[in-house]
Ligand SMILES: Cc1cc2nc3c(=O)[nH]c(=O)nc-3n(C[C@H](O)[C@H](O)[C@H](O)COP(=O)(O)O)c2cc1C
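Take a look at this one chain, the form predicted on its own, written out in structure tokens.
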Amino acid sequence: MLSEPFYDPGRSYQDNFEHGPFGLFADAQRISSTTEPKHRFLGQPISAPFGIPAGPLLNGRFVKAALDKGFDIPVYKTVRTRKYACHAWPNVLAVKVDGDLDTGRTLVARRDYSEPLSITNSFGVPSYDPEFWQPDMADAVQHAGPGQVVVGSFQGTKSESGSVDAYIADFVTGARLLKQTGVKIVEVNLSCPNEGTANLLCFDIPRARTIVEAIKAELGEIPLVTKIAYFGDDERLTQFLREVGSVVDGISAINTVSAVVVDEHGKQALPGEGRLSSGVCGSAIQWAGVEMVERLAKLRESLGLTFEIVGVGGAGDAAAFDRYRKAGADVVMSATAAMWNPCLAQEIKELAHEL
């Protein structure tokens, strides 16, 4: 049975940002770890290698609630160097998926959030100004208890001139702003559209290499994780790891799987230009996340690389957590299931075999 979600799909992004989180995430009760941290993630001691990826933790209140509920590695939602508007409501809809979701499918949206749960989300990576999110993120970082660490996520934004150099410089500025918050781990979102091309940035391998090198030069000793999409082509994934895998400290996979989403009448479900297709997450993409982790782990070994792997996608229970860990994930994260089950971290700590 699903609980009241901590992000309410029936409310606007702004409403959630200002008044959330909701449900059990809204109470101030903190669950304390009773064991000494026996895991490590990018040098940080961790009680359990489980958290919430970038996306649903909109601000410091959400992050602190996740920490309080035992999610030991929460990721503060992806930010930018300037204010950026959210797509029009609705931003989250349930989708009906029969079996596993592969690319190129058309799905029907619904408002019945029931198990097995998959959703489409379409926000456009909104962000407040750094004047808000820098102190807010710094406060969330300080809230982490023993065996916990907050990750800060960001991405670059195209300049008005469309200059590639300015785009890359914006990533460097973003890294500098995150560094100033005191965050101990930084994630860069390479699964976003590459400004100036139709490709996701992680598929534009030469530019991805240039960007992560520039970010690492700015961050210094702070570990850098890259968030990537599903690679259907082994040759391209190998090329990506040859170019990027030796620069970054971690790789998070996957973000979402894209699908065309329509309403019950076959019309575009999400209003606005460019929103006929959107990312789908939840139980239907677990296969893709686990498969990517397996491939990343094998390539990491064969290429002699040392990056850590964050497995994401459909990790909705202890069995899924174990599946990811056996596939090679150093850390596992859940967004969709965690939104509707605030007790998920505790359930995994009690039931998982891979802890």
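All residue numbers refer to positions in the sequence shown, first residue = 1. For clarity, every value in this text was computed on a predicted model and none was experimentally measured.
The form predicted in complex with the ligand exists for this protein as well; it is not shown, and the discussion that follows is about that form.
So if I measure heavy atom distances to the ligand in the predicted bound form, which of the stretches 22-30, 301-309, 36-44, 53-61 falls within 4.5 Å?
This holds for exactly one stretch, 53-61.
State the residue from I254, I211, I185, V248 whose non-hydrogen atoms include one within 4.5 Å of the ligand in the predicted bound form.
Exactly one listed residue reaches within 4.5 Å, namely I254.
Of the residues T157, T181, S127, N121, which one places a heavy atom within 4.5 Å of the ligand in the predicted bound form?
Exactly one listed residue reaches within 4.5 Å, namely N121.
Look at the candidate spot formed by P74, Q148 and N341 and say whether the ligand comes within 4.5 Å of a heavy atom in all three of them in the predicted bound form.
Checked in the predicted bound form: no contact with the ligand for any of the three.
Report yes if any heavy atom of T78 sits within 4.5 Å of a heavy atom of the ligand in the predicted bound form; otherwise report no.
Close contact exists here: in the predicted bound form, T78 approaches the ligand to within 4.5 Å, heavy atoms only.
Please determine whether G282 contacts the ligand in the predicted bound form, using a 4.5 Å cut-off between heavy atoms.
Taking the distances in the predicted bound form, the answer for G282 is yes, it comes within 4.5 Å of the ligand.
How about T173: is it within 4.5 Å of the ligand in the predicted bound form, going by heavy atoms?
No, T173 is distant from the partner.
Would you classify N189 as touching the ligand in the predicted bound form, given a 4.5 Å non-hydrogen atom cut-off?
Because a heavy atom of N189 falls inside 4.5 Å of the ligand in the predicted bound form, the answer is yes.
For the stretch 7-28, I need every residue with any heavy atom inside 4.5 Å of the ligand in the predicted bound form, listed N to C.
Residues within 4.5 Å: none in this stretch.
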